[in-house]
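As a starting point, one isolated chain is supplied in structure tokens, in the form predicted alone.
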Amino acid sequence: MTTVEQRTGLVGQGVDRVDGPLKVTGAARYPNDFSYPDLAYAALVRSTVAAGRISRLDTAAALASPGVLAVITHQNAPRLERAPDSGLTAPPPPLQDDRITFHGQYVAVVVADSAEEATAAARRVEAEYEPAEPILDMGDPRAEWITDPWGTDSSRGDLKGALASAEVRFEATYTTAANSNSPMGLFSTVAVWDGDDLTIHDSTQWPSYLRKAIAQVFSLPEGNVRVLCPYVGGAFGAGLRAWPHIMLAALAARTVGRPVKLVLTRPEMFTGVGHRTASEQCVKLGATRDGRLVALAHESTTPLQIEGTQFEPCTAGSASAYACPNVITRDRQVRLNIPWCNFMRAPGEAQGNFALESAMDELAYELGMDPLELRLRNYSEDNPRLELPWSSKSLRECYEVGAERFGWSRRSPEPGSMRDGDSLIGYGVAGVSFFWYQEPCEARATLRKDGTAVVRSAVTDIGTGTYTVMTQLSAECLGLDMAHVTFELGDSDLPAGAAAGGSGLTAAVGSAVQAACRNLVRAFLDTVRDDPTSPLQGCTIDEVSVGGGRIHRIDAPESGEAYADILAAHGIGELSADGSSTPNDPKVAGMAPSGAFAARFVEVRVDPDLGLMQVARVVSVVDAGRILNEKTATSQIMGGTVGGIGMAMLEEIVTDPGTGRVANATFGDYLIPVNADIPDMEVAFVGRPDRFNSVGVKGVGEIGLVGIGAAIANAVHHATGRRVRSLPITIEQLF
């Protein structure tokens, strides 16, 4: 087995989170923790129809309520510009007209001296509507269809001919429910104006973009806007857009001339910050009798809000998942009167992998073949879509190591043949990949006269461990102890940062940090280049190494100089250097960029009399390139697994079919996994540093969720003989 790169120094160690003490002592400040003198509070009023127009808004009673400072509606709101696209269309600015496109759309914001007064007054706003018949079903003939919305559809070979001549053919339809990102921490915004300068504290995953968006909405220079988010409190993708409630908080603060805090309620979280789309997918497979794939077709249909865009390519992963010569993948979207769709952990892949890996399992049973052997028999050594070698891929090792650790060889092939007392036992497996994603990013490294360093970038840490792994990486690049390095983030005034999403942040900011630190060492060498008293005189960056707070010659380690001594000798208080990263071009690099790969092995126990299912064990083996911190990486896989169990067994947004109202927008009605639902979990990492970025990493934030749904459904079939093709898996399906 190939192991991850030999770990030396600080990088790779499973050190504790540097922000852990602040969090456990309550000293970490989340957006909702910020307060200002004379702080006012805002509460939202939402539409009670899914389509139509506002015919009457009566705010008199609300304005007369105790403590109320203002009620803002489309009738008195100033003109706001639309935020710039972030690769996706930004939501329209709020309160600009009387049009309603989904149930729960904001129609007014009430500002008062206290949160309680604002909430009470918001209930007194009277709204009447001229309702239109909403489009709520993908089968509605009035719905607008969008084909290949992102240019991700693919085709190679002769699918029709290959299916017709295949010795074994299989076809099935799979569905997944809509899921809510809704993290425990309610999204909060605090807006403070100082003349034309605006400071925003917000639960964002992308301060640099939010700054740009707010500036454009309010026609401000970007330099007049500062976005602060040192801690998010969970987001799972919900914090990647410039949502209307953020603009309303800023608008309310400007209207009343006081700082304003707006905290979404739990029901508002279900309609105001996006959700994972439902999906309906058809998979067709053709194979030889010995299990070689000759044809693969994967088509997906997902709903979309009435306007705007959302990237949800459920079938994209299928184009390169297996070595198959004849492949077609197609994605379609249907516009409905629903709240805005948005990224949720492992967007597209979460739904698409369930369909593909369930279909592969079904094909294995049709062939009378071990499901793991079928996957290995169709393993793709290169990226079959780009026809380039992967920048790294150790999925085969994931299968082999996972099977050994899980005990796959103990599996009895016949469904329903494994028991423990009254419980039916089932084993399931799924192969997993996640697409490569990376954005440009900037960082700045500074060394001070006391020998300590601070490294900065305007990114966020959404709980993934960015504070910690970037401190580790910075310390190793500069040759310092972690205690002597501080990593600062969550401030849009820092060097422009990439989004914390798409499992691309670590590669983006890590490469920028690495470049900044290298440039900082080079700046020290420039300082002593002509210094005859320095042992580093005339050295280039390739002739030195760092360690123990000093730079030393590679050919003579004893010959070197401490950072602090260089600064003192030259009368310099501190030195800084910038660094940046931009994604490679696959064609130029001559390789296909690789996201993470994994194999998921699951054991379920089913009570056939009660229809109750329990996930008993999960073994996850992951190829994530170079692991910067094994502890935080393991935590990410475990957290993603919990989300996958929720998607597979519990989570479903239920919408009233007549009105479009989300009917279960509370944690009392929207079921999520609790501790009792979570089994023993084992996580292992294999592979080599990836070649597509200088740090060698592949993100682990998304991959932890992918494959759990398919592995559980496959295990259920093995336990019971019942094939479940829809998520979540319900008691009714198991009776």
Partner chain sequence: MDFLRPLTWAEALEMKAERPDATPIQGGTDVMVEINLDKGRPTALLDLAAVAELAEWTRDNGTVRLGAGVSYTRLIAELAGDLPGLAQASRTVGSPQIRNRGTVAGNLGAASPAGDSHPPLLATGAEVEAESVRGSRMIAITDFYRGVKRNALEPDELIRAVRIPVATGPQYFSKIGTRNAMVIAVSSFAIAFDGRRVGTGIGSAAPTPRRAPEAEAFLESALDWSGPLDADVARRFGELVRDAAAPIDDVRGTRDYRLHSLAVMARRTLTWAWEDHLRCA
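These numbers come from a predicted model, not from an experiment. Positions refer to the first chain, counted from 1.
Only in words, not in the display: the form predicted in complex with the partner chain, which the text now covers.
Participant: Just one of 668 to 676, 687 to 695, 37 to 45, 58 to 66 has heavy atoms within 4.5 Å of the partner chain in the model of the complex; which?
Facilitator: Of the options given, it is 668 to 676.
Participant: Which residue among Ile554, Leu612, Ala569, Ala164 has a heavy atom within 4.5 angstroms of the partner chain in the model of the complex?
Facilitator: Contact with the partner chain in the model of the complex is made by Leu612 alone.
Participant: Just one of Asp607, Glu404, Asp85, Glu81 has a heavy atom within 4.5 Å of the partner chain in the model of the complex. Which one?
Facilitator: It is Asp607 that has a heavy atom within 4.5 Å of the partner.
Participant: Since the partner isn't included here, can you check whether the partner chain sits close to all of Glu133, Arg332 and Ala589 in the model of the complex (heavy atom within 4.5 Å for each)?
Facilitator: No.
Participant: Residue-level contact is defined here as any heavy atom of the residue lying within 4.5 Å of the partner chain in the model of the complex; does Arg410 satisfy this criterion?
Facilitator: Result no; Arg410 lies far from the partner chain in the model of the complex.
Participant: Should Arg123 be counted as a contact of the partner chain in the model of the complex, where contact means heavy atoms within 4.5 Å?
Facilitator: So Arg123 counts as contacting the partner chain.
Participant: Flag Asp420 as yes or no: does it have a non-hydrogen atom within 4.5 angstroms of any non-hydrogen atom of the partner chain in the model of the complex?
Facilitator: Flag for Asp420 set to no.
Participant: Is there a non-hydrogen atom of Cys282 within 4.5 angstroms of a non-hydrogen atom of the partner chain in the model of the complex?
Facilitator: The answer is no: Cys282 has no heavy atom within 4.5 Å of the partner chain.
Participant: Sequence order please: the residues of 645 to 660 with a heavy atom within 4.5 Å of the partner chain in the model of the complex.
Facilitator: Result: Leu650 alone.
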